[in-house]
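Below you will find one chain, with nothing else, as structure tokens; this is the form predicted alone, and questions on how it binds or moves follow later.
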């Protein structure tokens, strides 16, 4: 008997989350290491960067890195999907009584939840360093994290299923990851980006989903209230909807070709 879409998708997501918790000690170590890196990086550069552009680099980085943590953790599920393809475990997943649409939904949902779980400690850190967000700010933080995490997990899964070749999988995934990672405003403000890159590149960086999410976080935590947050939020919502639809369609197409 085949399970209906939502129920089947939830079962797939719960399976992925159960596997996620089996690596809780590794996860805890990763979070602790990343938090330490951020604190050390922020404290060192706080007295080096030009305060005309960034009055407090610790707060600037603490809010910006929220986008980075969500994106990075959500993107990691693509690596697991790639391993499943190479080990042909995907054939087992396709044989269980769950529709392929539910399978796609479940994998994206699990990637989204992983991103939110991983980001929780970074939100606590930002609240301690910058301040607690307002009720509206908290809603924006949670919804922004969900959008970014959902779109990035679906994008990573779609890339990983595009080929069975390990080298191509790793190359495509790493290329996409590093483009989104480095071409963002997480580490540098717009004024610095304008000094280093042509106008067209700065424009694209500002439209990056990671940059849009970082701007929303900075407004929500009260670090930079001059940002037009609803404009940035609307752009991120549009970017997320398009990415989610396209990436889900690619993932579903890749599954049907297996």
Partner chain sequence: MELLKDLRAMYMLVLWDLSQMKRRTVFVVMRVAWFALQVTVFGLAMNAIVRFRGVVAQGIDYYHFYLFGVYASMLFSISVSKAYDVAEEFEEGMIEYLLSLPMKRKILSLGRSIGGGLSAFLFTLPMYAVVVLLLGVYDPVAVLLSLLSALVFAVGVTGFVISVVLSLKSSDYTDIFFGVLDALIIRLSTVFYPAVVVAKIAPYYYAALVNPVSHFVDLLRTFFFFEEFKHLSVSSPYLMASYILGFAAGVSSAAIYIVEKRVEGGGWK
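Positions refer to the first chain, counted from 1. Owing to the predicted nature of the structure, the values given are computational and were not obtained by experimental measurement.
Keep in mind that the form predicted together with its partner chain is not shown, yet the notes after this line are about it.
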- Task: May I ask you to choose, among 105, 122, 75, 188, the residue with a heavy atom within 4.5 Å of its partner chain in the predicted bound form?
- Result: 188
- Query: Considering 58, 227, 49, 207, which brings a non-hydrogen atom within 4.5 Å of its partner chain in the predicted bound form?
  - Reply: 49
- Message: Whether residue 196 contacts its partner chain in the predicted bound form should be assessed with a 4.5 Å heavy atom distance threshold; does it?
- Response: yes
- Message: Against its partner chain in the predicted bound form, would residue 183 count as a contact residue? Criterion: heavy atoms within 4.5 Å.
- Response: yes
- Would you check, heavy atoms only and a 4.5 Å threshold, whether residue 171 touches its partner chain in the predicted bound form? yes
- Taking the shortest heavy atom distance, is residue 179 within 4.5 Å of its partner chain in the predicted bound form? yes
- 4.5 Å heavy atom contact with its partner chain in the predicted bound form for all of 29, 43 and 53: yes
- Message: Heavy atoms within 4.5 Å of its partner chain in the predicted bound form: which stretch in 153 to 161, 171 to 179, 105 to 113, 136 to 144 meets that?
- Response: 171 to 179
